[in-house]
Ligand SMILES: Cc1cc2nc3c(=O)[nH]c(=O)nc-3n(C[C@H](O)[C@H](O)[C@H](O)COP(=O)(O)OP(=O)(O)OC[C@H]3O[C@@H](n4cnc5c(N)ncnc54)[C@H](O)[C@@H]3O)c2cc1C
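The chain below stands alone, shown as structure tokens; this is the form predicted alone.
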Amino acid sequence: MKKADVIVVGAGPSGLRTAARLARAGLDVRVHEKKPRVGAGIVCTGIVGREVFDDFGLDRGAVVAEMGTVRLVSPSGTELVYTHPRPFACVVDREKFDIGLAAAAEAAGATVACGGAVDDISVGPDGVEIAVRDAEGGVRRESAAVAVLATGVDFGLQKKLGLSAPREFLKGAQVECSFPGAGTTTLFFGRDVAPGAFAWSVPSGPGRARVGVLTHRDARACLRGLIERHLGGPGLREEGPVRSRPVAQGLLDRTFGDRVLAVGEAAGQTKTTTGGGISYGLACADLAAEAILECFDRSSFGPASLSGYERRWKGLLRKEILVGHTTRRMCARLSDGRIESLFQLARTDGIVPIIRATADFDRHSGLIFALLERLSFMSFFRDVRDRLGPFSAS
């Protein structure tokens, strides 16, 4: 049986970042990814704040576009165009982005193995043991002192070990398209387009865009409707298959246990407003690595030794996750007529200056509270503000 210091299950950004940090500190780290290669078949819009590259020392080679202007479309077709004083986000090629993180992990000394699914995990007094099934059905076992679960929205291993799993999900679907006007970032709102959330078209290269929806209904059907009613026309061509996936919502109660912790989407570390989570996962990967290194310093890997990880990441993100979740759920109740009235209000009211002054791509609570205060003359938004009251001063 192979023995390592740390086994990481999942080769997405959070798992690879955790592996790189631990390997750089001298630990024997092995990453297992069930897909045939890092970055294969990812369903992600790939938008990250511009600061991510400097904050985490990442190469910008995966960037395919920068975002500074966003067009918003109401249920009846009213358009608002917002231009930020400077580009605020980047669109990345997720496969290249993840491959870069894998290269960094391997350069630090970690081993990244693809094509093997971790089917089982158990914890004993001397370590963690996993069962890895290869493409031919063969099973091998490996062990380590600690395991990191970076499995995205596959929560099977967490449930087996008594860690928390989300109770609520949205549904996402996305397809690559080419069409005239693909270079403009556009967000679509309305119950007829994406009930419960929103839809998008985000540039992914010259003449190309990632077109997708986030909803609590049938995401594939909503995506088809979006393309036919809003983007269809001469020159539109779908460049690949429609891919779909669930998007977890809400704050998880327990993301650590005996010799194990979860990180990234597996720990619910995602933006509950938009469903994104690359930057959250990277930040929490650093916290996970720090907690594990402390365990090795003390030669203690029990729940008490790993509990600091959860305190730290929730101290960083708890407010953002809960404020975003509550606001999105309540705003999902808005009728198309109410959404339309907000568009009309934004054209004449001082909402755009509020966005310009308070918008933060990765932290939305400041903008949410500022907008709720400005819109508190409407009873619905006053109710949302009041419900979020305990968070406004934190």
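Because the structure is predicted, anything quoted here is derived from the model rather than measured. Numbering starts at 1 and runs along the sequence shown.
Although not depicted, the form predicted together with the named molecule is the subject of the following passage.
Using a 4.5 Å cutoff between non-hydrogen atoms, R94 counts as a contact of the named molecule in the predicted bound form. Using a 4.5 Å cutoff between non-hydrogen atoms, G275 counts as a contact of the named molecule in the predicted bound form. Interface membership of A145, defined by any non-hydrogen atom within 4.5 Å of the named molecule in the predicted bound form, is ruled out. Residue contact check for V384: none of its heavy atoms lie within 4.5 Å of the named molecule in the predicted bound form. A heavy atom within 4.5 Å of the named molecule in the predicted bound form is found for one listed residue only; from T255, S204, T151, T185, this is T151. This chain lacks the partner; the member of A65, L27, L342, I47 within 4.5 angstroms of the named molecule in the predicted bound form by a non-hydrogen atom is I47. Residues of just one listed stretch (288-296, 312-320, 103-111, 239-247) have heavy atoms within 4.5 Å of the named molecule in the predicted bound form: 239-247. Within 4.5 angstroms of the named molecule in the predicted bound form, the stretch 6-26 places a non-hydrogen atom from each of V9, G10, A11, G12, P13, S14, G15, taken in sequence order.
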